[in-house]
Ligand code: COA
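One chain comes next, on its own, written as structure tokens: the form predicted on its own.
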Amino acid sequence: MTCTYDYSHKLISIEEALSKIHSDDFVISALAGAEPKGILEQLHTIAPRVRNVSVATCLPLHKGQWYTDPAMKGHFMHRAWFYTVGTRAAAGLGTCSCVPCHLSTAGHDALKRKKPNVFLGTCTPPDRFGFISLSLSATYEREMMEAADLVILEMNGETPWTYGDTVIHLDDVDFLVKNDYALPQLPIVDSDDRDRKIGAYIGDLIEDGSSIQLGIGGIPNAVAGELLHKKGLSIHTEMFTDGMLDLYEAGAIAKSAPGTDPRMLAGKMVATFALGTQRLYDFIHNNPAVAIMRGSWVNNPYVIRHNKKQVSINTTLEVDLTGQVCSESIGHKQFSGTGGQADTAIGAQMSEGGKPFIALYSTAQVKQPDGTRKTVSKITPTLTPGAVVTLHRSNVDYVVTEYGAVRLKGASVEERASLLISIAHPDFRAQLQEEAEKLNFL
């Protein structure tokens, strides 16, 4: 039915939306697939009239000229909570800087620094009562909308209607920009032999009735494939992915799994954002079995702990022999972000029967100054100088490579070194043993 709420006075063009942004403003954009593509694609056009505009994003999919063009220095500063291809490309231009944060507290941390002047996001067209859905993310969007001076949303008829903390009324929106376009899609990454071996090790350790948190990529996809025959699983995850849809269609997800909070009804698949293929977007559209909730709740370890047998599966870049995990930088160079790795790993540890996994390949190919490639071990005696500790060694439990799975919780440094060497690539084990002895780990 046609919306009976008159919102015509809220409709503006992209150019008018951009006119609301001024020098020294703090602007926050919605996360990933919920970011306003039209506005961000034209943000650079206001550079001649603005200075020192800070724009905060998380998992940006838009590689915008406003921060990838060196000429934008002094006009815009991208405050990135999680790096992607565009932000990595902008390193050294003076237009982008990392904001360290846990996903569960990212919004609240930002508000401690400065109140946002403008929030930019996306939404569905309204229903007949004037309600809209923020669709693909409620990670920090609600907190930012409640705090911002101005809320401007791109209304996109292609966005799926999701339930949970995404549903708001147009009274809470200052301006709307009509802009229909196809949503960004993440193609499914095929799992290779290493992925399948890691997936099999993890799958063997996951019990029926577990609550699952998965990410994206070859390893998480392989793990999902190993869970298709499981029974009574539930979903409490940071990101809702195609792998979870596969589990649902295979009958692995319980239709009446207990919720973890009075707000949740039995059988809900809980996430804080969704990103994937059109098949995924079609599945979550108007699906009351999926709840997109605030990240401050979904990723809160003290909420996660109430799930029985909570499983978190995260990947990493490097693990040292004491168990320190670096998942966001290559040396001092920022690569991604903390995200929800610590949130979900700690929450799973506190869960009754919970199991947090850190997965990685045993080796990587590193480009040398002469252009050649060198194979290095991703299990290292110590972290690469400058590397960021994403997960403290005291919070690491299971570590898995294609050579096995070991449990570090409660183990001494001596035991950890031996266990991690046992799942390193065979070509590097003798060298790691020698280095461990030099460091008095063994």
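In case it trips you up, residue 1 is the first one in the sequence shown, and so on. Because the structure is a prediction, the values reported are computed rather than measured.
One more form of this protein, predicted in complex with this ligand, exists but is not displayed; see below.
- In the predicted bound form, none of the heavy atoms of residue 283 sits within 4.5 Å of a heavy atom of this ligand.
- Although the partner is absent from this view, residue 316 contacts this ligand in the predicted bound form, with a non-hydrogen atom inside 4.5 angstroms.
- The closest heavy atom approach of residue 131 to this ligand in the predicted bound form falls outside 4.5 Å.
- Although the partner is absent here, residue 365 lies within 4.5 Å of this ligand in the predicted bound form, judged by heavy atoms.
- Contact check for 98, 139 and 181: none of the three has a heavy atom within 4.5 Å of this ligand in the predicted bound form.
- Shown without its partner, this chain lists 323, 215, 116, 354 as candidates; in the predicted bound form, only 215 has a non-hydrogen atom within 4.5 angstroms of this ligand.
- The single contact residue among 340, 295, 243, 347, judged by any heavy atom lying within 4.5 Å of this ligand in the predicted bound form, is 340.
- Shown alone, this chain has one stretch from 40-48, 372-380, 395-403, 410-418 that lies within 4.5 Å of this ligand in the predicted bound form by heavy atoms: 372-380.
- Contacts to this ligand in the predicted bound form (heavy atom within 4.5 Å) from stretch 389-413: none.
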